[in-house]
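Just the one chain here, the form predicted on its own, laid out as structure tokens.
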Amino acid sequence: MLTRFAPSPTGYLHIGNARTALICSIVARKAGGKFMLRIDDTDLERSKAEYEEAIKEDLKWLSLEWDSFARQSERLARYEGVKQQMIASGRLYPCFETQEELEIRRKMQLTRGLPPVYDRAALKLTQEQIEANIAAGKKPHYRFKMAHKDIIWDDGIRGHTKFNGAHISDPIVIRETGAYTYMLPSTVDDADFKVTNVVRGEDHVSNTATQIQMFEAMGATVPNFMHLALIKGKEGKISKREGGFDIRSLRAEGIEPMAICSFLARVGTSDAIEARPDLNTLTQEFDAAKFSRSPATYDPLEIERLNAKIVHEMPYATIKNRVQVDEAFWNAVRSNLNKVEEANEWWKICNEEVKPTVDDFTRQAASLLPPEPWDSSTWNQWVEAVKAATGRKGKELFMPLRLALTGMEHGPELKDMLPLIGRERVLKRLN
């Protein structure tokens, strides 16, 4: 088995594409197969080297390592060869309509209650007319001629899927600039590299119908297809052109890769979304039959919940280069962290100068501090003594102590903080 992830380097890797990459990798690994990264950069104007490098970096960070690699911009001669073969066989034909002309025809068809399918007017051009158009400076774009027959396949998620080729407009595969659209190079690559399983979004289903005919026109083996229901934000579609959904933003916010992978492997399935320690576990649990055909919703709060669970279980050895705390400190605070880097803030609160808010109450509380050694039970012992001596309770009791000890209204559990701060610093802050 060979699966492939084929992003266009026109933006940063976003959560929807990362999901496709993850499922591609899992499908291959579960079958003992290989996973390919292919950069679809035929859009030379919008494709950027920095985006390609960023995509590779994000995939590696997610532990989605690829077994082979290809770049479409290095295979243009191959596409040109297939283009000429398909022109000769009559499956590609030149067209000269402008976008304005096509839009007028489309509106006329809709007005008449007809589907907005290209009317194949260019097929009526004689060779002399084609040559005359070119001589007049008109540059042709090329369409793939769909065979008007049923296109049927068994989809890994959708099940039995059927399209009528007569209802699909002949797609433009080469623009008047000579640039290729997505359709033909993708098909050629899948055939040449012997991709056996194509995993992609539901929005590509009609493309699949077209590309099946392209495979057949090339005499190539048609791969198996699996179309994932789209993942959307609460406000609508996720796009790489919109901020906040890209992997590097989540990474900068302190989200762990396995929080993202745990979410993406389960969202849209019948399984509960739970934190998993590694990709091997996700691979073993994977079952395509559990995926729904309904769109899934991306929930940042769900990822944050998973992130906290993963952080709580992380051993010191895996994070020691990311924090400035020792192992004992990490083990004491990790169960109260949402993100790894928060450990540094806890360390500062415990060891550096803070701006406490003190008054007569905090000074009285200081006089009731129990002697060391301290542990997690010290806080409750002390608070009960302060409560009995002052009559305070609830927020009136706890908030002044928090402000005096940490200088903040919110923060980690004080029962865990107290032993880390130490009696000497606590006395100094309360007074």
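Start at 1 with the first residue shown and count on from there. Since this is a predicted model, take the numbers as computed values, not measurements.
As for the form predicted together with glutamic acid (GLU), it is not shown, yet the points below apply to it.
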Note which of 105, 248, 309, 204 lies within 4.5 Å of glutamic acid (GLU) in the predicted complex, where distance is taken over heavy atoms; exactly one does.
204
Have a look at 182, 329, 163, 79 for me and say which one sits with a heavy atom within 4.5 Å of glutamic acid (GLU) in the predicted complex.
182
Of 123-131, 89-97, 182-190, 354-362, the segment with heavy atoms within 4.5 Å of glutamic acid (GLU) in the predicted complex is residues 182-190
Are any of the heavy atoms in residue 40 no more than 4.5 Å from a heavy atom of glutamic acid (GLU) in the predicted complex?
yes
Would residue 430 count as a contact of glutamic acid (GLU) in the predicted complex, using a 4.5 angstroms cut-off between non-hydrogen atoms?
no
In the predicted complex, does residue 6 have a heavy atom within 4.5 Å of glutamic acid (GLU)?
yes
Could you confirm whether residue 334 comes within 4.5 Å of glutamic acid (GLU) in the predicted complex, counting heavy atoms only?
no
